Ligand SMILES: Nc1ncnc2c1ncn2[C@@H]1O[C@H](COP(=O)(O)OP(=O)(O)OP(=O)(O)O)[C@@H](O)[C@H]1O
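Before any questions on how it binds or moves, here is one chain, the form predicted alone, in structure tokens.
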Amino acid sequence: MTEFSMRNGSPVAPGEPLPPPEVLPPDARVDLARERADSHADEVLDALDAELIGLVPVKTRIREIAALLLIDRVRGRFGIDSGRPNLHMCFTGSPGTGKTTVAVRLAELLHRLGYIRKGHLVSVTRDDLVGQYVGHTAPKTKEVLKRAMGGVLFIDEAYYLYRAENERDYGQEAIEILLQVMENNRDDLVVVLAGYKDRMDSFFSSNPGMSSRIAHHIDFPDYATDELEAIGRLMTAREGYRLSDEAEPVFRSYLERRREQPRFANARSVRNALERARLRHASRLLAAGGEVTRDDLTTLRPEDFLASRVFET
């Protein structure tokens, strides 16, 4: 059965944004616990905790933003106008640190709190925004913005929009259109720029107008080995697998070695390692032939990892 909260005498489903608040008299009292429950924001925050290991500073900032928006709604019920907060953000960090996952949950959170109409995420890169000839960039950028309106626009590796070494590059045109929309339509669109921290810092230095429009800079740290292990256990459980007791130290050794190698991508590399282990597991079972048990079908063993090239160095 679907549960509903009530606001202004009307039911509010969990996935729906809160309606505009009713203005209260100055001597009224508001139950913050009830306001929080009615928003269903905690459901999104709890889902974020369940989906991502670690990232405590990131989760703390998202919770702080949720608290600010909820309190602003309560202030609005008393007729206190603080103005709409600037919600444009920059997520910095290495690949595989959860930036896209957080952006998806952020869109859902902002929708439930009534700050965006739709709550969807549109994820793009430079190729989706910048054209290759004169007159091509503006239509591409505007089409992306049209799709993103009412939600969150996530621009991965945003620093590639600006190429100072190429005077004929059309990225600057896309940036100018973005700047205008970020300022004039910030009540209907939240933009999240993402990428490596050092490159984003250089991008902002070259584009002060963009830097001034970003209110929240959130850094996603690389995962420690213990966290990567926990991520691996979570991933295997979701796919109906487990590591044998003998495979656990081998998997940890794999992670320690892989972290020191080029192009390591945190949780993404963990997922790739487990996918390859599953391939070896399946090939091993078929090569052995004969009957198998449920345990055989669900258990990854040391040899499923030791065959990796990671152990050749």
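From 1 onward, residues are counted along the sequence shown. Computed from a prediction, not measured in an experiment: that's the story for all the values here.
What comes next is about the form predicted together with the ligand, which does not appear here.
Engineer: Based on heavy atom distances of 4.5 Å or less, which listed stretch (198 to 206, 136 to 144, 77 to 85, 234 to 242) is in contact with the ligand in the predicted bound form?
Structural biologist: So the stretch in question is 234 to 242.
Engineer: Non-hydrogen atoms within 4.5 angstroms of the ligand in the predicted bound form: do Leu110, Tyr115 and Arg186 all have one?
Structural biologist: Judged in the predicted bound form, none of Leu110, Tyr115 and Arg186 sits within 4.5 Å of the ligand.
Engineer: Report the residue, out of Arg284, Arg252, Arg271, Arg278, that has at least one non-hydrogen atom within 4.5 angstroms of the ligand in the predicted bound form.
Structural biologist: Filtering the options by heavy-atom distance leaves Arg271.
Engineer: Quick check on this chain: which one of Val58, Val44, Ala267, Ile65 has a heavy atom within 4.5 Å of the ligand in the predicted bound form?
Structural biologist: None of the others qualify; the residue that does is Ala267.
Engineer: Examine Leu52 and determine whether its closest non-hydrogen atom to the ligand in the predicted bound form is within 4.5 angstroms.
Structural biologist: Leu52 belongs to the contact set for the ligand.
Engineer: Is Tyr170 close enough to the ligand in the predicted bound form to count, meaning some heavy atom within 4.5 Å?
Structural biologist: Tyr170: no contact with the ligand in the predicted bound form.
Engineer: Can any non-hydrogen atom of Asp156 be found within 4.5 angstroms of the ligand in the predicted bound form?
Structural biologist: Flag for Asp156 set to yes.
Engineer: Is Ser211 near the ligand? Define near as a heavy atom within 4.5 Å, in the predicted bound form.
Structural biologist: Looking in the predicted bound form, residue contacts with the ligand do not include Ser211, since no heavy atom lies within 4.5 Å.
Engineer: Can you tell me which residues in 83 to 104 come within 4.5 angstroms of the ligand in the predicted bound form, by heavy atoms?
Structural biologist: Stretch hits, in order: Ser94, Pro95, Gly96, Thr97, Gly98, Lys99, Thr100, Thr101.
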